[in-house]
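Given next, in structure tokens, is a single chain: the form predicted on its own.
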């Protein structure tokens, strides 16, 4: 028996004799509509002419590494040079577990149909719904995001993306107090102090350190001229590489941020420690920040999801604004999916809101906790759902998933997932960045072009093409009903 300390509590880990829960049983527990999902649906691979495509952008995380070299033989991807382990896995296994044909659910079974039939059924579901939800859009192209928003407005429904439960607080904080942001280029060439707060890029953004922290820049001689500080609730792998590690108590980041602002303004900190951090360490960090030539705080979900949500990010933004009275300082949110930033940007320029946009009254509105996808499902407010390039069943609370089992669901996705077991209509799509081209936004809001390096399977369209066809059908059916 092993045990690990987590704060003051002990967690015991022991072996079990219980059998592993089968996928069918998991689906049954979640009230899935279909218990038997087709499997073994891989794209047949054929060898052929060898070619190497350079400067390929990686459709994994918001790092959007755009310097990959992909070696292809026929339609088989055999090498990914420059990508991390996650990237290599996605490219070399792009052909596995693919949805190759459209399906409609009939009597708890998925029946293969034509694309026309699937689109017609999906359009019927959306037109007959009083308040549909469109969700996903973070592993798609910006053009797909634009069509999804257009469709939501046409249907007077709601449209949301995964920032609703990750970096949504960043968007809210920026709307409240503004922000000082930067790009990868400035980090490489100027930053002599980088603070990772509530973020562990060694596991989440594998190439981030080798791309932005280690290299020599125009004015910085690489890692030797750059100090790294890690602030987290536990000692991460990155902390072992840092010049300074500060362990903060869970959920107490705002207290530490406030103390740092006090130190910058020469106000006395009257307690011995703040959020578990000794007072002397607070002053030391404040001095490091104020004396840096160019500092950057790269923060993750440890800040955005620590209990007080966007208030933590607001205070962090204010701290950086205070620091700019002494030196140059910026923040960079460590975003997740490769185009979740693009989803926010497209939503902002089309609706004025970054996510959780509601069109029920004919114009855009946003109410966090009301029009966010998870709340709409938990409260049973929507009567249909269109899921594009995402798997909410794998991450949403059980109550939200159970509502998906009670309403018509349309899934547009390249691969089988838990969510496809809840679908009434399934339409296969090509993989953006491999089989479909388009634009995506890097975590520093720089647009990157995603290349098409292979053709999608026969009869399979890109997700933006599917949404365009769906919009045309919805318009025709709404005109017919009128």
Partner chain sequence: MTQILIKNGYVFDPLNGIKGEVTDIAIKDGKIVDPRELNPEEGITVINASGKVVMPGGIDIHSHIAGPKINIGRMMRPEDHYTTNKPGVFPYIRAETGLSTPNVFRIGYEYAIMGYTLVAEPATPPVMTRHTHHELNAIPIIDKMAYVVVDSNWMLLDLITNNDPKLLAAYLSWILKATKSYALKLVDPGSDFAWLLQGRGLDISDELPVYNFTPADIIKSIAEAAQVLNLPHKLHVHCNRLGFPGNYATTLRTMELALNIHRVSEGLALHVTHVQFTGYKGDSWSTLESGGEEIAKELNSNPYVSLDLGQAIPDRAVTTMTADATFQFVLYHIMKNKWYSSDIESDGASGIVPYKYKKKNYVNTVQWVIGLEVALLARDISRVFIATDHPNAGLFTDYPLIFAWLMSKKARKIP
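Quantities reported herein were computed from a predicted structural model and do not represent experimental measurements. Positions refer to the first chain, counted from 1.
There is another form of this protein, the form predicted in complex with its partner chain, and it is not shown here; the text below is about that form.
Engineer: Are any of the heavy atoms in residue 354 no more than 4.5 Å from a heavy atom of its partner chain in the predicted bound form?
Structural biologist: Yes, residue 354 lies within 4.5 Å of its partner chain in the predicted bound form.
Engineer: Do residue 48 and its partner chain come within 4.5 Å of each other in the predicted bound form, heavy atoms counted?
Structural biologist: No - in the predicted bound form, heavy atoms of residue 48 and its partner chain never come within 4.5 Å of each other.
Engineer: Is there a heavy atom of residue 328 lying 4.5 Å or less from a heavy atom of its partner chain in the predicted bound form?
Structural biologist: Residue 328 belongs to the contact set for its partner chain.
Engineer: With the cut-off set at 4.5 Å between non-hydrogen atoms, does residue 174 touch its partner chain in the predicted bound form?
Structural biologist: Contact check for residue 174: yes, within 4.5 Å of its partner chain in the predicted bound form.
Engineer: Just give me the single entry in 309, 156, 101, 105 that has a non-hydrogen atom within 4.5 angstroms of its partner chain in the predicted bound form.
Structural biologist: When its partner chain is considered in the predicted bound form, the option within 4.5 Å is 156.
Engineer: In the predicted bound form, which of the listed residues (75, 164, 207, 364) lies with a heavy atom within 4.5 Å of its partner chain?
Structural biologist: Here the answer is residue option 364.
Engineer: Which is the contacting stretch out of 225 to 233, 401 to 409, 85 to 93, 355 to 363, given heavy atoms within 4.5 Å of its partner chain in the predicted bound form?
Structural biologist: Flagged stretch: 355 to 363.
Engineer: So, a 4.5 angstroms cut-off on heavy atom distances: do all three of 33, 283 and 397 pass it with respect to its partner chain in the predicted bound form?
Structural biologist: None of them does, since no heavy atom lies within 4.5 Å of the partner.
Engineer: Which of the residues spanning 132 to 158 lie within 4.5 Å of its partner chain in the predicted bound form, based on heavy atoms?
Structural biologist: Contacts from 132 to 158: 142, 146, 149, 150, 153, 154, 156.
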